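One chain comes next, on its own, written out as structure tokens in the form predicted alone.
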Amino acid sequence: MMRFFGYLRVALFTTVNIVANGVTLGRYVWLEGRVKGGVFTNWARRFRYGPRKFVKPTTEQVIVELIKNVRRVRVFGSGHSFNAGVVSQEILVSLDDYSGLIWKDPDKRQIAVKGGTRVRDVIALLLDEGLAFSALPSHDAQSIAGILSTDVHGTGREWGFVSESVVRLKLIDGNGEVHECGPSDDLFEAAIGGIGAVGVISEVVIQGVERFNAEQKVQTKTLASVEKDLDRLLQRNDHLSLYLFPFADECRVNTWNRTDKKQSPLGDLREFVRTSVDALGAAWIGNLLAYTGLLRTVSSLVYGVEHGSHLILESNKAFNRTIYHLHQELEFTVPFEDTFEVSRRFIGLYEEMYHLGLPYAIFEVRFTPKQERTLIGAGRDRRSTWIDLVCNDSHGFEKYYAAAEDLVKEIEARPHLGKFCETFDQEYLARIHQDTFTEFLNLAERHDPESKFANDFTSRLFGRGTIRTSEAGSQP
């Protein structure tokens, strides 16, 4: 019965989300985090609670005064998260009303935006100036502050992180002091991937490039051929990612390359239809096959006949998308050299546990060069492969993720702190990040000595600001 209700929840929520986005011509996304009637819900509706106080500041000074006069505060941008980092024990702050353009410098191809500005709106501001991001990750719903606080990445031979497009940022720390810092500053490195532990990112200066088109291809290949040819694929394409599937010898290869070719006729509509069909297929058909036990039998057949796609789109339309189905993500990095060995272990774990009633899952694999702008980001200081375990948000995913987190710790992979994180803690982060984790904690102590930005989630990860029961508000 639980599986049936989980199946319906994923299928119906995904369908409503797509229909709402389609009929509003992309202006409205139903599955986004928001506060309504004093109650916060994250995008997937998994975290729902009433904070003691909800605030939507409109100026930097209001944020400063708020921080100076509270015990505990957490900030959210779009609520597009997969863990309890969005839960506040006292005051929850939305930056939705602290968003928009601050200034622009066409000669330098730079714009400055407020921290609450959604990535999709930053894109629009750049396009108005004939500019674009050099590359982008998959989603455009997050705020620019949120996307930097979780060190969100894309995939590429030479490009990997949104922070690479940041010239400088402003950060308001736990003392209420405003700091302006650049990529070479230690506070910048603590803010990137620091999930808000050192302060609130209030302003970001973005370095744009001349707007361009991207050629996007989606092809199905055998996993064996991709493994053999991976280095060549990475060298031949600006951006490459893979979708791997359980019980299948085939995989999906996604590539994006800068091009001077004209955009495809009705390209945006065709891309909307393609991503919507993928989402509906995962929600309605994928979960049905998984829960009826047929996935093992038909997986190779289904993926073996899947049609590809070839579109020329505006770069941002090619790199990211608004439509996403109701799902969960547990993501981590391993050294590039371990890509397929580790991928097979997690796919094998899913296949071993499949008889327990797991939901539909795919495994997204992306690649980044060394990230030198973070202290505790998962891509720090090495060429990395990102393995994202993407499960439908329905009955059974928790069992698989619990076993997967144990395996992550066994191989000492680095978790993405914006995704599902139920058992990682300070001891584990200290082990995998070592000296840079110590440096991060020292900066957090200096810039938030009273642990104002702490909640139960960050306390588990960083060992700072453990919340007493008497301090906690109503819980999710």
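Residue indices: 1-based, along the sequence shown. Only a predicted model underlies this, so the values are computations on that prediction, with no experimental measurement involved.
In what follows, reference is made to the form predicted in complex with a small molecule, a form of this protein that is not presented.
When the small molecule is considered in the predicted complex, residue 80 lines it closely, a heavy atom lying within 4.5 Å.
At a distance threshold of 4.5 angstroms between non-hydrogen atoms, residue 153 is in contact with the small molecule in the predicted complex. In the predicted complex, the small molecule lies within 4.5 Å of some heavy atom of residue 137. Using a 4.5 angstroms threshold between heavy atoms, residue 146 counts as touching the small molecule in the predicted complex. Interface residue among 318, 86, 361, 387 relative to the small molecule in the predicted complex, by the heavy atom within 4.5 Å criterion: 86. At a distance of at most 4.5 angstroms from the small molecule in the predicted complex, all three residues 75, 201 and 419 contribute at least one non-hydrogen atom. Exactly one of the stretches 193-201, 290-298, 372-380, 275-283 approaches the small molecule in the predicted complex with heavy atoms within 4.5 Å, and it is 193-201.
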